[in-house]
Each structure stands twice: as structure tokens, then as C-alpha cells.
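A lone chain, given as C-alpha cells: the form predicted alone.
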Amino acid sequence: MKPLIAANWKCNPTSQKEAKTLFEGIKKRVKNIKNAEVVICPPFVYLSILKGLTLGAQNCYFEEKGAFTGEISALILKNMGIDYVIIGHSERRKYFKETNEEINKKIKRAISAGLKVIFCVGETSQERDEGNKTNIIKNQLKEGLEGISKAETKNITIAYEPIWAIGTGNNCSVDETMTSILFIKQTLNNLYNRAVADKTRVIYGGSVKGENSNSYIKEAGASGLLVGGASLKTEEFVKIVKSSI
């Protein structure tokens, strides 16, 4: 299975010109790389102007259509030719108060629309310090995947993103990441079976850089990376992609 390297641009950049320049710079350097799956997740407004690499959205709504001002549905994304969507990112949970129940509804809607889901889980520093990390991750997985069949899991990638590591420069150690990935796999085994656990990609995100990216894949056993800030720097992101193969 190819490693999945996803770029989460978040609320960046602030102009169409910058978005195109960044995208074209990345595309030029990675388009011929066959041993990694590269996905770019820009703000919604740039999805229609970026061509030539696999695209993902940063979020979607859990209704198919209707009077929901400001929301974008999974079906709209699919009909635009988008392949992936990030669901449950810690910033959505923190700033927009998304619950596991809402995230579950979004995952179901995305899968029914034919999108592939990058489902984010992870603990805060307080939850980690209190020894509650595994319970948090287990509940996020259990409630987020409620009602998702074994067959549907083939369209889901789990992104382990310790919240205390996102955007802080304080990346999670290789050993702790490996332990967390194994725990996620064990939880998937308990929720489904060994086959699902083995086949489901578990990627890592949280202050990923070119200098540490290789170790998460080669040593910690991550099936890829969800890259934030470093994905806004062409050379840095390309370095991360190349380190994964």
C-alpha cells in the first residue's frame, strides 16, 4: 500500500495567485512520483482552480443539500471531482465544537457520496498528562465509526494527530507514535476484525517536517502523513513526500 501524504493548507494562502503558485510548484516536483499518494487539501474556494493532483476538502457537512448557509456537502465535493475529505480535525473539534456524533454523521455522508475520508483522532496535552489518552482515542474511534460497515472502512484512513503537537513544533516521538498507531490498530481489530485493522491506513500528523518525516513512516510504522504548516512551503513538502518512499 502506498503511503498517503496529505497537505492540509488550512485557511491559507490568502490569494488565488499564491494558491496556484504553491500548487504548481508542488505538482511540478511530485507528479512523476509513483510510490506515494499525494493529496492536496486547500480551502474550498481553490478546489475548482487546481488541476493535476489528487484533491481533498478540509471538511464537509452531514446533509446532502438544503438550506444550510455557508456549508458544503459531500455530494457537492464529489460532483466537483474531489476524492478526499478531512473529517474530525482537532481544530474543527476545538473551535467549532464538533462532537463525535457530528463527525460520525459527516463520515457516513462522505462515504455515501463516494468520497474517501481522512478521519482525525488525537488527545490534548491535559488528557495525555492525566493518563486518559487511550480512552479518548478509543471513544473517538468507536463513536466516529458507529454504523460504518467493514466494507466501508476501505474508504477510511485514520490520522493520528496528538493535539499538543499540532502547530507547536513539539512533534510526537517516534516511540509514542508507534505505540499510538498500534493502539489504533488494536481498537479497529476490536471494533471490526484483524483484516480491517491490517488494511486500514493509519497516518501521523503534528509538526511534521522534512527532517523528521521519514522516521514516522520507516520507524513508527505510519502509513503516511497529514502535513500542516510544512505543506505551505514547496521544497519542504516535496522533501516530505520524497522521504516517504
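Quick note: we count residues from 1 along the sequence shown, nothing fancier. The model shown is predicted, which means the values in this text are computed figures rather than measured ones.
What follows is about the form predicted together with a small molecule, which we do not show.
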(request) Check each of 85, 121, 165, 107 and return the one that places a heavy atom within 4.5 angstroms of the small molecule in the model of the complex. (result) 165
(request) Determine which one of 201-209, 66-74, 179-187, 34-42 lies within 4.5 Å of the small molecule in the model of the complex, judging by heavy atom distances; exactly one does. (result) 201-209
(message) Does any part of residue 233 reach within 4.5 Å of the small molecule in the model of the complex? Heavy atoms only, please.
(response) no
(message) Is residue 102 near the small molecule? Define near as a heavy atom within 4.5 Å, in the model of the complex.
(response) no
(message) Taking the small molecule as it sits in the model of the complex, is residue 13 near enough to touch it, meaning that at least one heavy atom pair lies within 4.5 angstroms?
(response) no
(request) Check whether residue 227 has any heavy atom within 4.5 Å of a heavy atom of the small molecule in the model of the complex, and answer yes or no. (result) yes
